[in-house]
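Here are two versions of the same chain, shown separately as structure tokens and labelled structure 1 and structure 2.
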Structure 1
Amino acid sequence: MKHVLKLFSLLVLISALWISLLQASIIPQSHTWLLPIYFIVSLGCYGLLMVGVGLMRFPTCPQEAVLLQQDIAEAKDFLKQKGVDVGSE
């Protein structure tokens, strides 16, 4: 319940900020009306950007892959000796 209250208070704060911006008219009024939608769109864009950047920098560790294959072969041999059925090829 507490996390929901935190989120709700944050939402109330942001809407209060927006309404005060509307009243004070520092920025021209037409801009202030579009501001929430702009922030939501930019947030979605930011999420997409993070996903794309993470995908591009994903490390594949080729040496670890080779070592893993060696480990698998070793384990298969060992188990076959002990009589376990490892028939996957």
Structure 2
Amino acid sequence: MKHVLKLFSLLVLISALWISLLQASIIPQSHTWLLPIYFIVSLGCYGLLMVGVGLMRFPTCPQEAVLLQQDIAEAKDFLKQKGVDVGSE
């Protein structure tokens, strides 16, 4: 719930900033109306960047790979006992 409140307060802050820029005419009117679109595009780029960084830093777990191979071997043995053809090794 705290995360939702934090996001909501950030949304209110950004909206207040945008409305104040519309009222103050600091930035030309044509640019001010595009700020929400710029914000959404920037947010999308940030999200893609975080996904890319997460993929580049994805940890490898060799011990988990060994456990997975053991589980696969157990499953193949179980299926062979039940008479299921599991293919060649």
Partner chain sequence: MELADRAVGFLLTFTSLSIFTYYTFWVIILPFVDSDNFIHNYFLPQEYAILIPVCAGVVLLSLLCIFIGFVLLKSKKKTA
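Numbering runs along the sequence of structure 1, starting at 1. If you superpose the two forms and keep the largest set of C-alpha atoms that fall within 1.5 Å, you have the rigid core. Quantities reported herein were computed from a predicted structural model and do not represent experimental measurements.
- Where the criterion is the form predicted on its own, structure 2 meets it and its counterpart does not.
- After superposition on the rigid core, displacement of the C-alpha of A24 between structures 1 and 2 stays below 2 Å.
- S9 shows a C-alpha shift below 2 Å between structures 1 and 2 [criterion: core-superposed Cα displacement of 2 Å].
- Annotation for I37: C-alpha shift under 2 angstroms between structures 1 and 2, rigid core superposed.
- Here the rigid core is superposed, and K80 then shows its C-alpha moved by 18.5 angstrom between structures 1 and 2.
- Superposed on the core, the two forms differ at L48, whose C-alpha moves 3.4 Å between structures 1 and 2.
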